[in-house]
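First comes one chain, alone, set out as structure tokens in the form predicted on its own.
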């Protein structure tokens, strides 16, 4: 029996005579993602299933695959590889196969930091990596639409952050408002990463210049796109952070 809360897929199951299911990675409104191992090579991958009640004719699946293919040159996007079919409990399912990303969600990464927050210097590098990645998506006239600490994977941190996005994308046709929402979401992630409201008053002016008190009109007046934000970060005065 399939509901919108779970699928009849369990560790040890074999999909399409090609992939062994290792574990459930997560799920959302539209479906679930599994960590699998390719039997012939041992390579680990991820498989995304859409709930049949959400996508009975696989239209979302096809749309999603085309979207990921369009964004295949965006390094922040998980790379789509192919689609497969499998039969589970006498029902055929189509699913997407993509690269497996071994990292930690940004929310958990922040929780493990001293004081559950980043230093201003670290947070600036995080924001630069995010803005640069989202900029490549915006250049293709696309957007994410739901950026937050639960759908950003941290692969590497330090002077440079290596990041991947999950739970993409909204299904509407991109509009300028969508681009602006992404920019405001980036600023909110940055604001939370440095400690949020509790620490905001004591932040260096350079940080406040970026956060703009989280006022949407001020943020968009300064940063119309992720590219503008990235450019600002590359010339920002860092002395106040000392």
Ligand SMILES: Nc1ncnc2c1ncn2[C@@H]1O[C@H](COP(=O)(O)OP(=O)(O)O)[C@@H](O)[C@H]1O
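Numbering follows the first chain given and starts at 1. What you see is a predicted model, and the numbers here were worked out from it, not measured in a lab.
This protein has a second form, the form predicted together with this ligand, left out of what is shown; the following refers to that one.
This ligand: the contacting residue among 185, 30, 38, 209 in the predicted bound form [heavy atom, 4.5 Å] = Answer to the contact question: 30.
What is the one choice in 204, 52, 174, 26 with a heavy atom within 4.5 Å of this ligand in the predicted bound form?
-> Of the candidates 204, 52, 174, 26, 26 is the one lying within 4.5 Å of this ligand in the predicted bound form.
How about residue 110: is it within 4.5 Å of this ligand in the predicted bound form, going by heavy atoms?
-> Residue 110: no contact with this ligand in the predicted bound form.
Can any non-hydrogen atom of residue 88 be found within 4.5 angstroms of this ligand in the predicted bound form?
-> Output for residue 88 is no: heavy atoms all beyond 4.5 Å of this ligand.
Mark residue 65 yes when one of its heavy atoms lies within 4.5 Å of a heavy atom of this ligand in the predicted bound form, and no otherwise.
-> Looking in the predicted bound form, residue contacts with this ligand do not include residue 65, since no heavy atom lies within 4.5 Å.
If you check in the predicted bound form, is residue 179 within 4.5 Å of this ligand, heavy atoms only?
-> Close contact is absent here: in the predicted bound form, residue 179 is far from this ligand, nothing within 4.5 Å, heavy atoms only.
48, 98 and 167 each touching this ligand in the predicted bound form (heavy atom, 4.5 Å) | Yes, the whole trio is in contact, each within 4.5 Å by some heavy atom.
This ligand isn't shown here, but in the predicted bound form, which of 116-124, 80-88, 130-138, 150-158 has heavy atoms within 4.5 Å of it?
-> Contact criterion met by 150-158 only.
Any residue of 104-122 with a heavy atom within 4.5 Å of this ligand in the predicted bound form counts; write them all down in order.
-> Heavy-atom contacts to this ligand in the predicted bound form: only 105.
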